[in-house]
Structure formats: structure tokens, C-alpha cells
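First, one chain by itself: the form predicted on its own, in C-alpha cells.
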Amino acid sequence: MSKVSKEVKVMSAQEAVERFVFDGAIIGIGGQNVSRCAVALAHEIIKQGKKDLTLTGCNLSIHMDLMVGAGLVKKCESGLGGQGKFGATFQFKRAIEEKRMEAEDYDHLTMVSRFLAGEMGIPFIPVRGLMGSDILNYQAASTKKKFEIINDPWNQGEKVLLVPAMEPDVTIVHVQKADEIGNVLIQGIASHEPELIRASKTTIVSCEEIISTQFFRSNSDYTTVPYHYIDAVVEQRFGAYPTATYGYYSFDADHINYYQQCSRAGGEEYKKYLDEYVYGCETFDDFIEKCGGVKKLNHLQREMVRLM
């Protein structure tokens, strides 16, 4: 957990990644499927070439696939790698098949429980969700112990599974609103992010807009995560693009489908995507402009209004 401080934490994505993301880090990832993925922060991690990363979360989506495709990831511990109706994360899939990356599978509830254990400062936590699953067979073959099955001390004959706590070195999350000292408001589904953030040693939040601290003081029930868990606030409009942010814009199906085409093809076609849309963009705003700019974003905003 971050040191409690009411100092201003607003900085650029470049500065935040330089300060808090390091080679070999365990990085927690917020977002689910095609919703509120921290794409802008993932782009910056790629451009800075942070390597030997372990990524962890529930459903690791396009932001994970980008970092895997850039060759920065050595391991993923998660409930899933996928993009919902848009299909598999193909760079993730290929890296596992070619044994360039280790993948440790859990279900979503078990991952949230591991973050909860990290948040509470306990070394492990009991769960039941994996009992009877093939995931245990896979993990039992691993060289590193991932679980322990014990007798439930209060229910004779019952078994319970213990899994280790997860405490990421740094977590990246995109949210709707934050203030300059780090209070965060997540609108819509928060999924695993409150537990993930509170379990992490440091957290970088990108947001659609920075609002006043007075808003949180006047509406304390709107604080999803308080300031003392947050280390950096990056104001980046459309920072989850091409995924959606509830209340702001829908996902860009055209660009996600194009990304999936490149990701599935791999090789030179995928390298061309990274060169054009990540390395070739000095800022994330440049990336958005290259993908259609204001006209495209206005359309996605109208789509969000229609869906709401």
C-alpha cells in the first residue's frame, strides 16, 4: 500500500511508467473483455521497453496481448486471456504454444480471493472454486507449488483449497474520474479492481477526467478507492480506447477486429501494427488520431449514449 499522502499525484503516462514500472515487475491489470482496459498505460510500457514482466488479473485482454506481442512478458497469472465476443488473445495464445511465456490458470473468483488476501496482508486464503477442476492437475505438474489441499478444521471430511496471496508490484487501471491526490471513482462494474488496487504496492490510474477533491469530500460514498492507495494519476481522455469506458464511449469494433487480424497473423503483420500504432505514435492522442480522431470518437460516444 502506498504511503498516505495528500500530495498532488498528477503526472504524464511517461513519467508514471518511468517511476513505478521496472523490469521484472509483477503488474496487476484492471479492465475486463473490452471494457476499461488500461490501453494508454500499456502503450507507454511497451514504448519504454519494460521487460521480463509478470501480468496478473482476472480477464487479461488487449492490453495484455499488446505487451505479450511486444515480447515483454515472461508469465501471466489470471482467470482468462480473451476479448469476449472478439475471440482469443492470439499473441498470448501463440506465446504459450511456443513456450515463450508461462501461463498459470485460475478462475476469476480465485484471482479476486488472492488479491483479497494480498489486501489483508495474509499469506494465503481458502477457496473452493477450483476443487474438482482440471486446473489443479495442471498446476500439480508445475515446478512451483500453487496450492495446498487441507482438511477443513471445522467440517470433518470436507476439503478446502489454499492459494497464495497476490501482491502486484504495480497495478495499471483506467477509470472514469479521479482527483489530483488520487481518490478514484469507478462507474459501472468495478469487477476485481478495488481488491487488486488495495493489494498492490503501487498503482497508476489513468482517467477520463480529473475532478475536484471537494467532490469526493461532499460525496464520500462515490469514492471507489481512496487516495492513499494511488501513486500516480494520469489524465488521458479515451485512455481505454479501443475498448469502452462506461458513461463515456463504446468500444471500437472496427479497430479491435483489425487488431485481431494482425494479432492472429503474427510475424511481420503484427510487427507492422506495433510499429504503426504504438511505436509510431509519440503520444496516445496521436494513436487516437490515427484511428479516426474526433469523428470516430464522436460516433463511439453516441453509441454509449444509445446503449445506456
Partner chain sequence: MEKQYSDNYTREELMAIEASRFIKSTDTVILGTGLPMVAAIFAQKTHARGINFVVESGSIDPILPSVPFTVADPIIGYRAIKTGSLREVLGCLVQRGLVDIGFLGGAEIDQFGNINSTCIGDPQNPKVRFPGSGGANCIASCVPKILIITQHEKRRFPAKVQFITSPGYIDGPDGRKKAGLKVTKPEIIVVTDLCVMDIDASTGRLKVTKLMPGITVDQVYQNTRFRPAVSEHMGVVEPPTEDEVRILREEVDPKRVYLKDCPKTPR
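Positions refer to the first chain, counted from 1. If you're wondering where the values come from, they're calculated on a predicted model, not measured in any experiment.
Not on display, but discussed next: the form predicted in complex with the partner chain.
Only one of 203-211, 67-75, 234-242, 189-197 places residue heavy atoms within 4.5 angstroms of the partner chain in the predicted complex, namely 189-197.
The three marked residues, Ala25, Lys295 and Gln301, fail to reach the partner chain in the predicted complex, with no heavy atom of any inside 4.5 Å. Residue contact with the partner chain in the predicted complex: Lys159 places a heavy atom within 4.5 Å of it. In the predicted complex, at least one heavy atom of Lys93 sits within 4.5 Å of a heavy atom of the partner chain.
Though the partner is left out of this view, Val175 does not reach within 4.5 Å of the partner chain in the predicted complex, counting heavy atoms only. Contact check for Tyr279: no non-hydrogen atom falls within 4.5 Å of the partner chain in the predicted complex. Taking a 4.5 Å heavy atom cutoff to the partner chain in the predicted complex, the contacting residues in 89-112 are Phe92, Lys93, Ile96, Glu97, Lys99, Ala103, Asp105, Tyr106, Asp107, His108, Leu109, Val112.
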